[in-house]
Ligand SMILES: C[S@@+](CC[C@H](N)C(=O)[O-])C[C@H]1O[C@@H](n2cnc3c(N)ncnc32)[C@H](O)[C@@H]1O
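Before any questions on how it binds or moves, here is one chain, the form predicted on its own, in structure tokens.
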């Protein structure tokens, strides 16, 4: 019996909801592309919505070996009630590709935007893979400057140690905590993109923004900053970035 079906089901439902809430019904049944597809949960979700073709691409499925075996993908889809007849997972680095995959009706980047080294180039490649009028749904959390932007929240929880990665001596603290090489590699590859930069990338690569939702500061986060933020160097960081936890954008290719 395949492992981690519960985890896959949760990820699948998350992707299924995003598509259901933010993509028009006629588009859902078109050709779908998941950029940075991870465990393939978005591909399974698009297939369940009736996509005529659901393609996912990720640089290495081996990175998810601790929780996902690509050979088990059909069984995982069966477990959540998704048909894999229209599904395809591709392993490859987009930066190595010479051409986009043209003709898709909609694309998604779900919890992947903060992990790529050149987000604007990825968004441009995705735009080139969409037909005119095609949709791109980007939803990502947490961004780098947020309280748990290191993605190492198991070691540095928001409630007791927020913004740890923005303070002096963080790498030494990671070493002392015994954080493994895989998690440290994932931390070091994170980009430092902000809300406004992502919006500008959408507009600059030819998208009309249809929906925009983003986290904002609130009294609880401000209190957190007053308690834990005194040793953050704000000479190169804008304070407002510290409260930029998530952003969801839906763009339509002009």
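Since we're looking at a predicted model, the values are computed, not measured. Numbering follows the first chain given and starts at 1.
If you look for the form predicted in complex with this ligand, you will not find it shown, but the lines that follow are about it.
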Looking at 116, 77, 174, 148, which has any heavy atom no more than 4.5 Å from this ligand in the predicted bound form?
-> 116
Could you work out which of 94, 137, 164, 87 is the residue within 4.5 angstroms of this ligand in the predicted bound form, going by heavy atoms?
-> 94
Given this ligand in the predicted bound form, answer whether the residues 23, 33 and 130 all have a heavy atom inside 4.5 Å of it.
-> no
Quick one: find which of 221-229, 206-214, 37-45, 191-199 has residues within 4.5 Å of this ligand in the predicted bound form by heavy atom distance.
-> 37-45
Contact of residue 64 with this ligand in the predicted bound form (heavy atom, 4.5 Å) = yes
Please check if residue 112 has a heavy atom lying within 4.5 Å of any heavy atom of this ligand in the predicted bound form.
-> yes
Applying a 4.5 Å heavy atom distance criterion, does residue 29 contact this ligand in the predicted bound form?
-> no
Should residue 122 be classed as touching this ligand in the predicted bound form when contacts are defined as heavy atoms within 4.5 Å?
-> yes
